[in-house]
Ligand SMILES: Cc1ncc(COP(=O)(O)O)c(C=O)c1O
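So this first bit is one chain, no partners, the form predicted on its own, shown in structure tokens.
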């Protein structure tokens, strides 16, 4: 069947969507630009476990997991039952509910350094809340950051996606490279006495070098600033407490989101009591209408109960490592190591591509995505695993990747994707140089 016919409903729906919403999606990285349009599903209708079905009725094993929030699995009966039971009582109320207290107490027990908790909705909300608290506590303005921290002005102004943000704001956020203590020290010297906080994704790429996070924490505190871990991706994925738990380094504040509620919208900022209490004592304004929305809280309690079971994260790490080993064997066998490599720390890991000849990394990434879709796999290359993925799915992924790598080898050998990529080339918002 021609792929244009195969994805007919997706393409028709995209035409409608583009008339009423920018990019036809509410999230940049869920839009058609991130997939080889014409040879990819663009709209999903339902999910179960680690599988999703598109609007044309085709089933795919999903390794994107809604950009990370689905940690237990789509349509998990245990989580859904908790949500349905709460739905019968109500969703949003005029005053707090007991569920808020229950979840806050739970989080103070399972998240390192979480003496107090504030609920918000998106990862961006949580990182912004943490930065605002740090600025209020230190009475300083400069923020040093490493990683991706969301859409709000204080961070996105430091990127190339800064349209609509006053230039003065960008001057107060400065990026530093991961795993480079010398670069961080240099910035503290440059902005002596002005740095409110260091906010970072504590796991990037292959993870922190030995002792890096502990040394970084010492440098931050020696300079009178606060340390914020952005655990929005790493929390509830590498471990419940993310990198803080995995590497034994406790920040002053931390932002968690994505996987906390298995796909329902909830994020939290947690941390030291003396800093968190500024919300009440100094009226640091961190307040949202839907912070106490009960369905997400019920989902979070059910999700955490599942993730707390013995061996859950070890199983995910083992599956991710098995995937990486299989990918490395295929890359070596096909001799494409100059353009393709494994990357990341299991279970949030996968493959990355580099330019080769006249082909850029997006050419190769596009071929990879297209061929994986042809094999029934939905992926960006970097994978997210949930507890419903198993050995069979990993074997299916590795086998599909070998076929995709063969197509990439052909593209490299001929120095063209013509005749190989039949869908459109992907166009991500953030591009590597």
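For clarity, every value in this text was computed on a predicted model and none was experimentally measured. Numbering follows the first chain given and starts at 1.
From this point on, the text means the form predicted together with the named molecule, which you will not see here.
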Answer option from 232, 323, 111, 79, heavy atom within 4.5 Å of the named molecule in the model of the complex: 232
Since exactly one of 123, 241, 344, 263 fits, which has a heavy atom within 4.5 Å of the named molecule in the model of the complex? 123
Would you point out which of 132-140, 232-240, 206-214, 333-341 contains residues with a non-hydrogen atom within 4.5 Å of the named molecule in the model of the complex? 232-240
Would residue 150 sit within 4.5 Å of the named molecule in the model of the complex, counting heavy atoms only? yes
With a 4.5 Å heavy atom cut-off, would you call residue 363 a contact of the named molecule in the model of the complex? no
Consider residue 293 of the chain shown here, and say whether it contacts the named molecule in the model of the complex, taking contact as heavy atoms within 4.5 Å. no
I'd like to know if residue 252 sits close to the named molecule in the model of the complex, meaning any non-hydrogen atom pair within 4.5 angstroms. no
Pick out the residues of 239-264 whose heavy atoms come within 4.5 Å of the named molecule in the model of the complex. 258
